[in-house]
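The data below hold one chain only, encoded as C-alpha cells and taken in the form predicted on its own.
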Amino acid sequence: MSSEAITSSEYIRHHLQNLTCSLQQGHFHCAHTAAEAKAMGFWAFNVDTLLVSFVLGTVFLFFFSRVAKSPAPGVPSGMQNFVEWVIEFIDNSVRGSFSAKNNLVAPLALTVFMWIFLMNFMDLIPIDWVPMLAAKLGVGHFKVVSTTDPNATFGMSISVFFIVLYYSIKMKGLGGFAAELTLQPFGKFGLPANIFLEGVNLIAKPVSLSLRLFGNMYAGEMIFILIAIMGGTWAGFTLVNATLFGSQILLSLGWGIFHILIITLQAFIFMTLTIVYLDMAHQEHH
C-alpha cells in the first residue's frame, strides 16, 4: 500500500483486487486497476490465486504424505495425531454419507476439505500484512485468500461436477443417465418439464457449491476490511486513541475467533456436498 492517504473506497478496492496478469504482444503484463484487468479478457489469470492455492496444496501434500510414509513408533507426534484425527473424521463422514463402494471418494473428500480449509485459513492473517509485503516487493495487488476469488471456487466446483458426471455415466450407462434427465419426475409424458427440472437441478450443483463458498468467504473478508477502516478512522481522535484502538483489537479478535468456525464449516459443507453428489451418482433410480 502507498504511504499517501487514500479514501475508504480506494482501500476496499485495493484489498479486493487480484493480481491479474496476461501475455500481451509477447510481454507479461499485470493490471494496475480493475479496468485494466477487465480489459485483459478471458485469457487473463489471477497470479495470486494460483500461487497461494498451489503453495497451500503443496503444504498439505507434504505434511500428510510425510506422516503417512513414516509414522512415529510409540507415542505419536503432534502432527501425526492431527493427521490421524483428520483422516478419521473424513472416514466417518464418508461412511455416513456414501453408501456405495469407491476408493476415490475418501481421498477426494480429504483433499477437498484440507485444501479449502487452508485457503480459508489465510483469511485470519491481518488484513494489511500481505499487501504491505507485496508493496515492498513492487507488487501492487495481492489477495491471499484464494476462496474470495470466484475463479478458484468455480474451478473446484466444476472439477467435482465433471467427476460426478463421469460416475453417473459409468455406473448407470449413458442411457440410464439420459433416462434420469428425461423421465423423472413426471415420466415419459412430461418430457419437456423433466428435462427442464432435472437440467436446472444438475447445473445448480456446481453453481451452488462455488457461490456458497465464495459468498461466505468474500463477506468475511469484507468485515475484516471494514474493521480495519474503522480503526483508521478512529485514529484521528487523539484523545481516545488508546480506547478506540483497543476496541478495534477486540472487534478483530472477536470476529477472528468466530471466523474460525466459518472457515471450517465452509470446508466441511463443500466436502459433504461432494460426497453426497457422488453418492447420488452411484445410485440407480428405477
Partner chain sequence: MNINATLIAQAIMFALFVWFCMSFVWPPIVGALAARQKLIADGLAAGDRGKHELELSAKKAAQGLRTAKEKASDIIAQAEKRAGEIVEEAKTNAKTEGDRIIAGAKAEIGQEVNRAKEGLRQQVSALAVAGAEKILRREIDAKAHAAMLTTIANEL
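Please read these numbers as outputs of a predicted model, since none were measured by experiment. Residue numbers count along the first chain shown, from 1.
The next section is about a form of this same protein that is not shown, the form predicted together with the partner chain.
The partner chain in the predicted complex comes within 4.5 Å of no heavy atom belonging to I225.
At the 4.5 Å threshold, heavy atoms of F117 stay clear of the partner chain in the predicted complex, well away from it. Taking the partner from elsewhere, G176 is found to have every heavy atom lying beyond 4.5 Å of the partner chain in the predicted complex. Contact check for D91: a non-hydrogen atom falls within 4.5 Å of the partner chain in the predicted complex.
You can rule out all but one of 200-208, 179-187, 79-87, 131-139: in the predicted complex, only 79-87 has residues with a heavy atom within 4.5 Å of the partner chain. Listed residues M230, A219, A68, I249 were compared with the partner chain in the predicted complex; A68 is the one with a heavy atom within 4.5 Å.
Contact with the partner chain in the predicted complex, defined as a heavy atom within 4.5 Å, is made by all three of F64, N103 and N151. In this stretch, 174-203, not one residue has a heavy atom within 4.5 Å of the partner chain in the predicted complex; the partner itself is omitted from this view.
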